[in-house]
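So this first bit is one chain, no partners, the form predicted alone, shown in structure tokens.
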Amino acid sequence: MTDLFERAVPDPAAYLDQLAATDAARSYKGVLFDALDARPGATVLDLGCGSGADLAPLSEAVGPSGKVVGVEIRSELAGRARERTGAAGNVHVVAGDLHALPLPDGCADLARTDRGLQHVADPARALAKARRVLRPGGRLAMGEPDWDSLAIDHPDLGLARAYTRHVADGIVRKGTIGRQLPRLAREAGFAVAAVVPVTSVFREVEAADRVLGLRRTTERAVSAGRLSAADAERWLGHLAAEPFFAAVTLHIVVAELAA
């Protein structure tokens, strides 16, 4: 039964594209898109644009009089983003680190991050850089998970908690960034206009596996000493064979600068 879990580590661009197509991603991305409120003529920054899955809808929102700039540090992902947006004259993808944005001061009306700050070394510094490139009255919309909220049903609550702890502390660089965003945004000089939690619920193990990589993550937990090999097989065996339930919460935070 445990053969139903994905084993191979996916290509980063393919994984991001696969994730963007899931119901869970479409749900929170819709909330994030509405919170950004991109309008014709605006200049929008997609900070950590990944493979560029969200650049096209941003391009449509700002129209030919607007501009969309995607910033991505990983060259293979930036290349994929350029390929998929090559026909859009108002979209530009640049290589750059969120800690040192290669953009002039006050160049944008709006900026967004979509699960990008969970991977950076210093989110506070990244937010300070985002503030620098926004104009007065600018808005930053962020969607970031709180992996401590990951709840997977299993008869052995200790195993479930050990798995969640490994994800939050051992897999994701900043596993609790979602809950920290309002504080960090205020410290960076923003006013926090809204915080909207979006909880994704998975009732099919295959759908959860496409997002969570259940076997791969479990194997890493064994290597890290958080689970024994026997516990790992018991954990995966139950997830594969029994009715499945998992949930995790992502926070949409809207931060604004004074006009």
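A residue's number is simply how far along the shown sequence it sits, counting from 1. As the structure is a computational prediction, the values presented were derived from the model and not from experiment.
This protein has a second form, the form predicted in complex with a small molecule, left out of what is shown; the following refers to that one.
Site annotation in the predicted complex: the residue of His166, Arg115, Arg82, His154 reaching within 4.5 Å of the small molecule with a heavy atom is Arg115. This chain is displayed alone, yet in the predicted complex one of Arg186, His92, Arg161, His99 has a heavy atom within 4.5 Å of the small molecule; that residue is His99. This chain is displayed without the small molecule, yet in the predicted complex the stretch 70-78 from 131-139, 103-111, 175-183, 70-78 comes within 4.5 Å of it by heavy atoms. Proximity of Ala53 to the small molecule in the predicted complex falls within the 4.5 Å heavy atom cutoff. Heavy atoms of His119 reach within 4.5 Å of the small molecule in the predicted complex, making it an interface residue. Taking non-hydrogen atoms only, Arg210 never approaches the small molecule to within 4.5 angstroms in the predicted complex. Using a 4.5 Å cutoff between non-hydrogen atoms, Arg216 does not count as a contact of the small molecule in the predicted complex.
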